[in-house]
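Take a look at this one chain, the form predicted on its own, written out in structure tokens.
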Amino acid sequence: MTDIQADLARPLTLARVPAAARQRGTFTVQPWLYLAPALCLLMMWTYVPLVEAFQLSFYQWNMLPTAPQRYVGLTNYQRLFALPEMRAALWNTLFYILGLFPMSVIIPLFVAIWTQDLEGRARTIYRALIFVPMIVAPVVAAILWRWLLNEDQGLITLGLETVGLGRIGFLTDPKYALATLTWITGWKLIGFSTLLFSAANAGINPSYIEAARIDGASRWGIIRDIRLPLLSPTILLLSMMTILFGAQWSFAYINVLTNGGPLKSTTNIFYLLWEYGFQTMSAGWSSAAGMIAFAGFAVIAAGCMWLTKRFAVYDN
């Protein structure tokens, strides 16, 4: 048999090999060696601390290496759920998530679609202005907003007083502090979300748009029937990120601007567990709060993943 005849006969030989045998034969160690560093880091920095936090949530410990850990069972969880500040932190976490939605999903989606048809420098300038807050460090942004919202000499406060609205304690009044921190967190997210929506919008096959225009579709019809369905994976992704990480992203602003106050009105679950762990040194309470947050967000993440698989439209 010549080499050419052997090459032609090889596929027939492979076809006679059972599928299971072919699968066993294709297993190689090399991909796992490539993945090994990432898997080791994932285990070391994520799953091992998660297991240790779960174990620590059943103990009372002040984090001193010489202090003994005392087993208390479910007492940490029972006390946490009985605390009014825990319930307030959970409600505030929900407020952060809902308040961030317009600025992390709706407004960026509108801006990305609206600026898509702009030409020349106008589109670049619009997107640059929107993206600038994203590159400002969170602590710098917090200090900037502290100056702007200062109750005595802040530019925004003075401006409101000039138009007759009086001085508002954006960071010192419990009625406004939570909404103010939600706005500052969302202000930082608008650029990031707009960038993702713009990239997804630019990836839509232009032949769909041209065909719709030839058929006489209006601009709103193109957005409703073509752009929004094809942007649905990005919409669902950013919605899931807002739900899972929105409250976490507000941590820096809470810590710098209000320290959870006034009257715990801006504390969320992530700031509360940090406060228990590193201010009061209650490692058991902090771990229990962390496990409550983990369990709650794990259920929500599973729901979001199901929604993504169910409703996302992909251009195949």
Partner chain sequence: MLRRTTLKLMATLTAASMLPLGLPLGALAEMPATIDKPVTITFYNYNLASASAGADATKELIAGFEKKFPNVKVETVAVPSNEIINRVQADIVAGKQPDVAQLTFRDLIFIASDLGGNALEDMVRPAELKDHLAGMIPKGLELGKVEGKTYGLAYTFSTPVLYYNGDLFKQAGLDPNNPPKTWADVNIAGKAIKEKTGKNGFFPGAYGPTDGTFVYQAIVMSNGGKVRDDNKLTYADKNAAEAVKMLRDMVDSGAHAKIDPASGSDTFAAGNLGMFVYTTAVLGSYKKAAQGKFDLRIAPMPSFGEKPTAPTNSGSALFVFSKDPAKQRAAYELLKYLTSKEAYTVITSKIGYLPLRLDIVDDPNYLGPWVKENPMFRANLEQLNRLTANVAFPGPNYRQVEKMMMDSVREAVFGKGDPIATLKAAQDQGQDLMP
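As the structure is a computational prediction, the values presented were derived from the model and not from experiment. Positions refer to the first chain, counted from 1.
Below, we turn to the form predicted together with the partner chain, even though it does not appear here.
Although the partner is absent here, residue 69 sits far enough away that none of its heavy atoms falls within 4.5 Å of the partner chain in the predicted complex.
Taking the partner from the other structure, the partner chain in the predicted complex has no heavy atom within 4.5 Å of any heavy atom of residue 47. Residue contact with the partner chain in the predicted complex: residue 248 places no heavy atom within 4.5 Å of it. Among residues of the shown chain, residue 63 is one whose heavy atoms approach the partner chain to within 4.5 Å in the predicted complex. 257 is the sole member of 273, 291, 56, 257 with a non-hydrogen atom lying within 4.5 angstroms of the partner chain in the predicted complex.
Stretch-level contact check against the partner chain in the predicted complex with heavy atoms at 4.5 Å: of 152-160, 191-199, 117-125, 206-214, the positive one is 152-160. Along 68-88, residues 79, 82, 83, 84, 85 each place a heavy atom within 4.5 Å of the partner chain in the predicted complex.
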